[in-house]
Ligand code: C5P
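Quick heads-up: it's one chain on its own, the form predicted alone, in structure tokens.
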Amino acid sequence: MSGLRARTPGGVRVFLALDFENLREARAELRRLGGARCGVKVGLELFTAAGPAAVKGFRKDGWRVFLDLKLHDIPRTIERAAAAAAALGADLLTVHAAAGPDGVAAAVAGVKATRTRILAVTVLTSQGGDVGAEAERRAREAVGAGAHGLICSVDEASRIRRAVGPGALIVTPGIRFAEGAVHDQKRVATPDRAGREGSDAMVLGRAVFGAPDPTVALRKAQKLFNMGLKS
């Protein structure tokens, strides 16, 4: 799917999932990239272990930070949590679309007048089966409630893009190389397919950090994704 793409923070097209037990390990893995730059995704594991220092530290080091907390609570709590995340400097923050339009709207209200953008998680990529209709319904509701973008698998990306239009940012996890292992994901795709199907940015983790040379793997993923964008 070629054409106009939503702009990601800093033009970043790849976010690396820092699914590590502590900041020391995460920083050590990033040093293996040899200066290659992209964005980083701080999820529940690392945020629970390191707290706000994870976001503040990576922002200080010049990384764009995607804070993947998948907020899902009553609207007031979501709003306050989103405001706290924005104060840390997170560029992107996730909320579960399953929290409903009120929950998504609360997250958007929490980051108002900041640079933080809210992404609504449609259906987790670890969930199998035919989830296209549910993902589309949640995507429509979330964008209608003000979400700046969406998290979905590549399997649903083109369908969701047609449903919500070109303005919403679509970020796709579950990215693997053709020869790579699936691990705990049910719906996976290659970087070039992600680009073709309507993704604006993708999330990579073990495909890069599990490679013999992470820098080579990252650059390969970026090249394939860009090829997909142009096809």
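Start at 1 with the first residue shown and count on from there. Since we're looking at a predicted model, the values are computed, not measured.
Not on display, but discussed next: the form predicted together with ligand C5P.
Stretch-level contact check against ligand C5P in the predicted bound form with heavy atoms at 4.5 Å: of 6 to 14, 21 to 29, 217 to 225, 204 to 212, the positive one is 204 to 212.
For the three residues 41, 68 and 176, a heavy atom within 4.5 Å of ligand C5P turns up in the predicted bound form in every case. Of the heavy atoms in residue 116, none are within 4.5 Å of ligand C5P in the predicted bound form.
When contacts are judged by a 4.5 Å heavy atom cut-off, residue 90 does not count as touching ligand C5P in the predicted bound form. With a 4.5 Å cutoff on heavy atoms, residue 139 does not count as touching ligand C5P in the predicted bound form; it lies far away. When contacts are judged by a 4.5 Å heavy atom cut-off, residue 104 does not count as touching ligand C5P in the predicted bound form. Checking 143, 121, 157, 99 for any heavy atom within 4.5 Å of ligand C5P in the predicted bound form turns up a single hit: 121.
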